[in-house]
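Below: one protein chain in two forms, given as structure tokens, structure 1 then structure 2.
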Structure 1
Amino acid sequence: MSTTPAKQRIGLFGFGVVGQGLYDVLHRTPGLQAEVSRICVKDRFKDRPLPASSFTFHKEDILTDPHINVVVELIDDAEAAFDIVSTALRNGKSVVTANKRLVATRLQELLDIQRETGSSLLYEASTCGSIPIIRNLEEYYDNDMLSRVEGIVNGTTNYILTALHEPSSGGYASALAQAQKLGFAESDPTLDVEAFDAAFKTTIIAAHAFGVVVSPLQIVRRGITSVTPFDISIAQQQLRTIKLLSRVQLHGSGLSLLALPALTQNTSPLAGVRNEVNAVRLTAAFSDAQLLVGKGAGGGPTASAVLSDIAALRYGYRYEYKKLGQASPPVVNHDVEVAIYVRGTNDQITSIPFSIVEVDHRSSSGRYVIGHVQLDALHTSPAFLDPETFIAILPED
């Protein structure tokens, strides 16, 4: 890395909550030697707190400007973002993005472009808000042999689930509405509550932790929309707390990847992670288990991660992707046994090929089963596809 910081002239795409927060921080901290030269936005008629001369509506005004050496991409459209990011890299500009869908779905292409151009692409803000998980995986865990990375990587669902465990809970719809009011959930919360967001982040973690490039479609994914007060009460009776868990785990030469509801034991550090906070637990051969905790939803945590990447670029920092070069990378393999809780109709529950049934509870309030099943068999069962059935794994710790 370079030891002499270069003056950064930033071309910013998007001026929403994160973009405005980033602009304000940079404006108030001239010691960072970074300034926003131009901002590209889509809506010509929206009122903004800066002079009209600060903005452009044409991406080329930033992408072809030889004086702009850093592009920060903060828009929602993953396809448009890929065009911006790939063009900027090919034009010799460093890039910072917060777009987890972009990184997760186009990672191999982005890797190829970085190798071809030598330009740096950083995306700490794409995964786990203010937690520097990617930088830790790249630097601290670049040689340590990880066996598992798991955690709460979506602040929206964690806020909703925390509310549902409160005695005064008004139910799922009420918890979601409150999350939207506070800005933790979008008006269309599908990406969060159906665990697509968690799957994107799981994909990114897998690349940096285990050196495998996978599609988000390979993640065993299920959201939290089917959770009911009945499920919450059963979890509490079992001294457990429902969380949406992301997990990448090594099994010999195989790797299982999931983003699923989980009934975590109350003794687990993840059970006590509340509201919009994220937490990632890393288990390695030499450093054992470590827990990273930080806010994961809202403009502030995202802006802080973007700012960290901008600061790193001053010294020529780039991801080395050391684990992607290993001779025998693990392969995705979901032929592993998991313990699960499932609540649903008799037909849906019997569609799951349990190898062991530990609990089969039937009452006027509903039926649930706790047992063991192969993860790939669970994934292809009719119950897994049923929107009314609630399924959660039971982690051991």
Structure 2
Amino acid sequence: MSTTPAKQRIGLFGFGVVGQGLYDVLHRTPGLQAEVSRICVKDRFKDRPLPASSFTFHKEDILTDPHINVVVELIDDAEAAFDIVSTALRNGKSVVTANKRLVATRLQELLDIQRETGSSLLYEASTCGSIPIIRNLEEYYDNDMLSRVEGIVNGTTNYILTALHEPSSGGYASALAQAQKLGFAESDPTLDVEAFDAAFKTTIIAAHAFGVVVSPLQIVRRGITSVTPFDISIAQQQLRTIKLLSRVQLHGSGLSLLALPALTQNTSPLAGVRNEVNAVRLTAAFSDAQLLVGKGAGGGPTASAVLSDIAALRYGYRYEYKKLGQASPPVVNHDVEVAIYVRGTNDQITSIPFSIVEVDHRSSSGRYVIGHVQLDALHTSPAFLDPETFIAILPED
């Protein structure tokens, strides 16, 4: 491994919740020998807790500064972030980003640029905040044959769902507002509640766990906006808890990828994961099952993952993406059976081609069915596109 200069001089893009969190964390970690040289922000008129001389509004002030050797990208806009990250890599700087949309949607290009330039791009903070999932998949699970990686990867939806299961819940809108206030939600919370954010993270996990580069559009994705107190009460009657589940699973040579609501059994370790906490359960041939749990959103936890990447750059760390070079990578295949709960109108429920119906409940409060269906058939059914219908998978364990 190469050596890095004694001092890391950081050019920081973005000074929101995570950027400020990183600034604080760096000042409380003096042993790291890293300092923020310049911070590039967009809004000239915002009040900030640092002197104006710390800031610039021109990306070139960082990207072309030869003294800056590490660029940390923490902005919202994935297009602008790609420009910053790719230029920084080409200019010989190491880059750390927390931007899951950027990594998930531009992964192949980012891989190519890393290969061409030899510069390192690290993004531990992009997936599950403080949980060191990417580095574990890269290093610890380098040889053990993973069969499934699943978990709770979005803090905002977990925060909302946790609140909705409480008897004194103030309801969906108030839980979302609280998650926004606490700095967990994206600036456009649609990304959280419609599971786009979870799909981005699922894409990143798939690359590092199974060596496949997929588009987030290939993830079978559905959010939590249609969940009602009725759905919560049915889940509770079934001794289950509603979570937003991300899952990447091998089935022979096929790989299914989903980000969907799930009625997890109350005995599952995922059911007890509350608020903004995330959890990733890994199932592999030799290690069997492991669970990583930690805060998945918020300034401090996300900054801790960025800090860990900055520290790793000091000893020349880079992702090797060894699994991407395998001879026969798995192929995306959603022709697998899943058990689901669906609540909706007769028309919507009838549009789902169930192979088995276990429960078909009709009452004045609504109709719901618990049954089995092929995941790809569910994905293309009219019910799946209907915003009022609530669909959740029923995991076995």
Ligand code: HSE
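Numbers given to residues start at 1 and step along the sequence of structure 1. Note that the structure is a prediction, hence the values are computed from the model and not measured. The term rigid core refers to the maximal set of C-alpha atoms that superpose within 1.5 Å between the two forms.
Undergrad: If I had to pick the form predicted together with this ligand out of these two, would it be 1 or 2?
TA: Number 2 is right.
Undergrad: Superpose on the rigid core, then tell me if the C-alpha of P353 is displaced by 2 angstroms or more between structure 1 and structure 2.
TA: No, the C-alpha position differs by under 2 Å between structure 1 and structure 2.
Undergrad: Kindly check if the Cα atom of T64 is displaced 2 angstroms or more between structure 1 and structure 2 relative to the superposed rigid core.
TA: The answer is no; the displacement is under 2 Å.
Undergrad: Does R28 show a Cα shift reaching 2 Å between structure 1 and structure 2 after rigid-core superposition?
TA: The answer is yes, as the C-alpha of R28 shifts between structure 1 and structure 2 by 2 Å or more after core alignment.
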